[in-house]
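Here's a solo chain for you in structure tokens, the form predicted on its own.
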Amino acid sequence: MVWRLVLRRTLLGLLTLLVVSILVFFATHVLPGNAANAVLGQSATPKRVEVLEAQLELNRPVVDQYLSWLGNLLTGHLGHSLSGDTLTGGGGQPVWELISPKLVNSAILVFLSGLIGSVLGVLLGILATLRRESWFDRITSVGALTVTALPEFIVAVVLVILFATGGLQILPAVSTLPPGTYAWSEPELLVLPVATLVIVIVPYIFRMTRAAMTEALESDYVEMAKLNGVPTWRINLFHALPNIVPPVIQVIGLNFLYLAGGIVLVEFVFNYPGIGQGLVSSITQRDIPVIQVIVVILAAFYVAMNIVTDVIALLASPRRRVAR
């Protein structure tokens, strides 16, 4: 059953990526307006426009353009940047060389934020459930509901004011790194971006964990265990906890998907050299090859994360693995 799920979701994922590639290509090449003029600006000479059109293969039929681009993408030929300012590199630099350090930096940010946020959210949700109606439960529940109403940039600004520009002044307000370097070389630059994303995702994981744990503790099999004199710690550990794993895994997966998009704003606020900042810069500079590759990479991450989440949730729920 698991391999069938993986196969079915993989095929659907590949179909989704194909659709995304078509949309990305048409959005950057075929929509009204000339892509070469958009890149070079209205002051460009006809000669420069003609040269760039040839470089972008705009003088070929649309279908040929797409098939050529897709073939290059599948074989790892990602093209070259069109802007000297985009992604802090020189014009004509290979796209992969430009985005690979930023991709690694974003992966570090997403992994740390997702790991810390997941652990905190699950632990707080379990503790709040075990102490229902206590002051701890009320404070954490109200706090989680309040934080969910705050956008990322508000959380980021508040953290900067508290820990960088005012108050304690113990952390850098921006997370700027030299081109081509990685975030682990200066860990202090990760603190505020990671803290921002953790604060944003913890409430969702906390609320789902609390709801799932509450439902498990109020279920019939838990009531039966209590009537049979099973110790409370054993009920919580062996009866309730295993049954909250599937929904908690699902919400953690959804939050990792959110992080892939949420890092765009956070990286922009902190000037963090990640893929989100690279996407914003590429859009500003009209660097079409870079935009295409970044969007496809983000779409591939979404597809892969969905498949992994579904498989883990299925394996964590024995009843769903039994053929019916």
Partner chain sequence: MAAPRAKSAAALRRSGWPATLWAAARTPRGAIGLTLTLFVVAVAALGPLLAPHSGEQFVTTPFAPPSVAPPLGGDVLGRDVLSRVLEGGWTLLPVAFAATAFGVVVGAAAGISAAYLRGRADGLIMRSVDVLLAFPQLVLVLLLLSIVGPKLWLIIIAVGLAHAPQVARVLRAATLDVSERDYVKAVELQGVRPFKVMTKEILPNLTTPLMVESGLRLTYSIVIIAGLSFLGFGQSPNIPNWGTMVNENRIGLETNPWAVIVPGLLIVLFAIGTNTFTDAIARVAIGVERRPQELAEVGDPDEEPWLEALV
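Numbering follows the first chain given and starts at 1. All values reported here derive from a predicted model rather than from experimental measurement.
Not pictured, yet referred to below: the form predicted together with its partner chain.
Its partner chain isn't shown here, but in the model of the complex, which of 72-80, 183-191, 103-111, 144-152 has heavy atoms within 4.5 Å of it?
Stretch 144-152 is the one.
Can you work out which of 212, 198, 122, 99 has a heavy atom no more than 4.5 Å from its partner chain in the model of the complex?
Flagged contact: 212.
Find out whether any non-hydrogen atom of residue 176 is located within 4.5 angstroms of its partner chain in the model of the complex, and reply yes or no.
No, residue 176 sits far enough from its partner chain in the model of the complex that none of its heavy atoms falls within 4.5 Å.
Contact flag, residue 68 vs its partner chain in the model of the complex, heavy atom cut 4.5 Å
Answer no; every heavy atom of residue 68 is more than 4.5 Å from its partner chain in the model of the complex.
Does its partner chain get within 4.5 angstroms of any non-hydrogen atom of residue 51 in the model of the complex?
Because no heavy atom of residue 51 falls inside 4.5 Å of its partner chain in the model of the complex, the answer is no.
Contact between residue 94 and its partner chain in the model of the complex at 4.5 Å, heavy atoms?
Answer no; every heavy atom of residue 94 is more than 4.5 Å from its partner chain in the model of the complex.
Taking only heavy atoms into account, state which residues of 279-313 are within 4.5 Å of its partner chain in the model of the complex, ordered by sequence.
Contacts from 279-313: 279, 280, 283, 284, 286, 288, 291, 295, 298, 299, 302, 303.
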